[in-house]
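There is one chain below, alone, in structure tokens, taken in the form predicted on its own.
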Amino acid sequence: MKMDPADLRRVNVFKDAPEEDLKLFVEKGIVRSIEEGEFFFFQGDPAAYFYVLIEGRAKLLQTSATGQQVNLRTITEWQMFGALGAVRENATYPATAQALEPSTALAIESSFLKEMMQNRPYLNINLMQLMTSYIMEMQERYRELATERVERRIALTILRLAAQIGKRTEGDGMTVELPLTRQDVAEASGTTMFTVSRVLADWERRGLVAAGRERVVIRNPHGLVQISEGLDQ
């Protein structure tokens, strides 16, 4: 697969990069294509490469000592992930990156990004902004886990993912389709698949969603927003 270096400007970290730098990153990169369910890297592996997702979708999931999995983030096209090795010595990946559909990414050595950061302020500033947005999202999710009832957490999770990967469709009314399984929703909201199935079944009876094996369709976005804000009661 041949990449146009200018496409890398779609990545927030590279939005201010000069053309010469974009060409360097592409020249240093290795294009990797994997099938649905396969992995770009595993939790605990040396963080030797960072990745830019070119096509498809992936998720970053973390596994506890007891085997429970948590979906930390869904990665969409032209997002960077796995860059810890560029800012931390002897870093290992804190999560596993798994493809949710056939996906292609550009893999670039972390050491090269670290070298480029030495005299390119735009990289440091944009990486700091990216990390700050991740920290703020994690803080919000931690607050939800600590304080919100499970139904509200699931609503917040689905609405957050709808903003990231949802596809709007027009019919009798506006709906949003998400290519998610119940397990995906459970991992992202910090609960069990049984609980997600129970909540989605209740919402389906109320006309809020339609849930299939590998998709969730939001039929009444306003109703989900009311649940997420605790106004449904």
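If you're wondering where the values come from, they're calculated on a predicted model, not measured in any experiment. So that there is no doubt, residue numbering starts at 1 and follows the sequence shown.
Below, we turn to the form predicted together with another copy of the chain, even though it does not appear here.
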Please pick out the stretch from 51-59, 34-42, 198-206, 185-193 that is in contact with another copy of the chain in the model of the complex, where contact means heavy atoms within 4.5 Å. 185-193
Report yes if any heavy atom of Thr132 sits within 4.5 Å of a heavy atom of another copy of the chain in the model of the complex; otherwise report no. yes
For Leu127, is any heavy atom within 4.5 Å of another copy of the chain in the model of the complex, or not? yes
Partner contact for Pro102 in the model of the complex: another copy of the chain, 4.5 angstroms, heavy atom: no
Given that the partner is absent here, does Ala162 sit within 4.5 Å of another copy of the chain in the model of the complex, heavy atoms only? no
Candidate spot Thr66, Asn71 and Glu148, all three touching another copy of the chain in the model of the complex (heavy atom, 4.5 Å): yes
For the heavy atom contacts within 4.5 Å of another copy of the chain in the model of the complex, list the residues of 78-99 involved, in sequence order. Leu84, Val87, Arg88, Pro94
